[in-house]
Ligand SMILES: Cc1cc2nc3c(=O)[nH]c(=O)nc-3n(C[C@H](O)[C@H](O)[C@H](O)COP(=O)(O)O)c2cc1C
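The chain below stands alone and is given as structure tokens, in the form predicted on its own.
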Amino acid sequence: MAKIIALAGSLRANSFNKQLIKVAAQGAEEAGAEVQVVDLADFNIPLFSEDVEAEGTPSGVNDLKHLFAQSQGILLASPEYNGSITGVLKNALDWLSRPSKDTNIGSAFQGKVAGIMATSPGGLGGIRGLSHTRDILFNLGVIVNPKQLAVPSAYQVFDEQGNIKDQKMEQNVKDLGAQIAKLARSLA
């Protein structure tokens, strides 16, 4: 069975991207994958510094890296900040790409497949940040699915329970999750 880790690059409790990733995770589960949705806010990850790294990889980084190491696929919802990815997401990616002296895990990304998506209140839905997300993941050795989703007008897309109101849009998000489940299964 394929294992997928799903996360949003946001620390905000009611993040639209956290809501989006849950829908994509549901699509991957319906396609037969085992999905673990994680929240970056649950991991104590300091700002990356080689000085901090020289003292040993922080336990929060190692905990997250273990979850990545067990997966073949990644579902990632990336909020767009100033036309790029969030600082918290970039910081996590930087830490996860480094070998940990305390564990036997190198980069958490090599040979994995990923599906990327974004949503924002604006009319572009986070599309500008997705190109940066794609470039970063590609440089880390991730096979990024060519299909990506940018969902505009986030304030109007989700209901109060975090569900996508439009059935066609919901199905598109679930389909992306299912595609990553299928690709990850070939790596399992």
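Note that residue numbering begins at 1 and tracks the sequence as displayed. What you see is a predicted model; the values in this text were computed from it and never measured.
Keep in mind the form predicted together with the ligand is missing from the figure; the text below concerns it.
Participant: So, residue 83 and the ligand: in the predicted complex, are they within 4.5 Å at any heavy atom pair?
Facilitator: Taking the distances in the predicted complex, the answer for residue 83 is yes, it comes within 4.5 Å of the ligand.
Participant: Does the 4.5 Å heavy atom contact test between residue 120 and the ligand in the predicted complex come out positive?
Facilitator: Flag for residue 120 set to yes.
Participant: Spell out, yes or no, whether the shortest heavy atom distance between residue 134 and the ligand in the predicted complex is within 4.5 Å.
Facilitator: Heavy-atom contact with the ligand at 4.5 Å: absent for residue 134.
Participant: Quick check on residue 15: any heavy atom within 4.5 Å of the ligand in the predicted complex?
Facilitator: Yes - in the predicted complex, heavy atoms of residue 15 and the ligand come within 4.5 Å of each other.
Participant: Quick check for you: of 174 to 182, 7 to 15, 21 to 29, 160 to 168, which stretch puts a non-hydrogen atom within 4.5 Å of the ligand in the predicted complex?
Facilitator: One stretch meets the cut-off, namely 7 to 15.
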